[in-house]
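To begin, one chain is listed below as structure tokens, in the form predicted alone.
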Amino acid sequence: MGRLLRQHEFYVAVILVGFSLLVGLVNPAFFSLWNLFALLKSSAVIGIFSLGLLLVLISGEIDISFPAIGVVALYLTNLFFSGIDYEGTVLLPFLMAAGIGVLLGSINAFVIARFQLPTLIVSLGTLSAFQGFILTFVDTRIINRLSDPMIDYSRSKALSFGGEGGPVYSIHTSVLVFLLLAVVTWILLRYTTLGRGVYALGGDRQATRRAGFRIWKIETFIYLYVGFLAGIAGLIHSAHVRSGNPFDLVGTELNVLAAVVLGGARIGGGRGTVLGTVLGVLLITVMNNSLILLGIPSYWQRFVTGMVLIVAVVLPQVRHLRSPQPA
């Protein structure tokens, strides 16, 4: 029990449950199955983005270019497949989006690993460059007609029940995709040498090099993986809204960063878990949803998210300063 009380994830789970109960008391509609399943669906895109950012934060860096990677992937993929009236399997659009994500991630990987530049600065540049590429050289119009496989995916269900004269409740397939990617990321971080290298890199870069890890390989993998996840998340987002908008997603990095930091990932590196990130994603999603249910204007969401992010960063630092320091 004492070990559980020392786990950051435990406190995030308690806050999530407590906040949900509070909102449910004010507005009982929060606990309707329809709303709970809608929350899970809306958490999928932020969740997949968060898995990639988790690796970046553990390594001691901050990346904000992933929304732009998602935009490029979703827009080019939908533009191509809707343009050829594609009617095959939805796997091909996802493969293309993931491939575009990896390609754009490789640009970040090359610049960061080759020139040893801060990820935040590089990603700030590529964030503008990637979105600017779409708006300047491709198109600015919104794709309102997706390909038939993407429309079918937008309606797909991983689990459904009810009926026989009553309402039908369903969990969208994107929730299952998020959970599968979370399991893959958890296995990667916990059971592979590469995952141990990511933690080591965030703990002490020089010690990581002396331990025999090739830092450039670790960094290259991290940003390729971020691009891979961003491409998938972008395409899922377009399926949820059933359109391809080149202005979408950019701006979601605040929610994603807040979710990962709330989940226990330390700014500065060396710490973070997949479970904590998933709980952080759910907490941010519930907070944003509850503001709507409580009748609070949507523009307050960014204020609340920003304040939560500040608190999540400050509290661990306060705890560190209060802890006994070695002589």
Partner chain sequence: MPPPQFLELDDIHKRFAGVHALRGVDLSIREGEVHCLAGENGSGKSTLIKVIAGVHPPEEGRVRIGGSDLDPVTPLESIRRGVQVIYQDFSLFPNLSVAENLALNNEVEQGRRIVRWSRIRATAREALARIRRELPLHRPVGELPVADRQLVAIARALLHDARLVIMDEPTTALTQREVENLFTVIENLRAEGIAILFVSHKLREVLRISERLTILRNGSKVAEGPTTDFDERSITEAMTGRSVRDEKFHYTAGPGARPPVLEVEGLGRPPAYRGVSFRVDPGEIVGITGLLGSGRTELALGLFGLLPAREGSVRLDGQPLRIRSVEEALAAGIAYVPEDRLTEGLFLEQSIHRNIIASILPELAGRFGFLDFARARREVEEWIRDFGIATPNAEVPAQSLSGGNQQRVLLARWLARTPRVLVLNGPTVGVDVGSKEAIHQRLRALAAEGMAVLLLSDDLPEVVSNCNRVLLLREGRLAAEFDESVTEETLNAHFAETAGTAGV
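Note that the structure is predicted; figures quoted are calculated from it, not measured. Positions refer to the first chain, counted from 1.
Below: the form predicted together with its partner chain, not depicted.
Mapping the unseen interface onto this chain, residue 99 falls outside it, with no heavy atom inside 4.5 Å of its partner chain in the predicted bound form. Under a 4.5 angstroms non-hydrogen atom cutoff, its partner chain in the predicted bound form has residue 211 among its neighbouring residues. In the predicted bound form, residue 191 approaches its partner chain with a heavy atom inside 4.5 Å. Taking the partner from the other structure, its partner chain in the predicted bound form has a heavy atom within 4.5 Å of a heavy atom of residue 196. Contact here is defined as any heavy atom lying within 4.5 Å of its partner chain in the predicted bound form, and by that definition not a single one of 9, 13 and 17 is a contact residue. 207 is the sole member of 207, 91, 180, 84 with a non-hydrogen atom lying within 4.5 angstroms of its partner chain in the predicted bound form.
Residue in contact with its partner chain in the predicted bound form (any heavy atom within 4.5 Å), chosen from 224, 76, 200, 175: 200. Stretch 211-219 is the contacting one of 234-242, 211-219, 143-151, 91-99, since its residues have non-hydrogen atoms within 4.5 Å of its partner chain in the predicted bound form.
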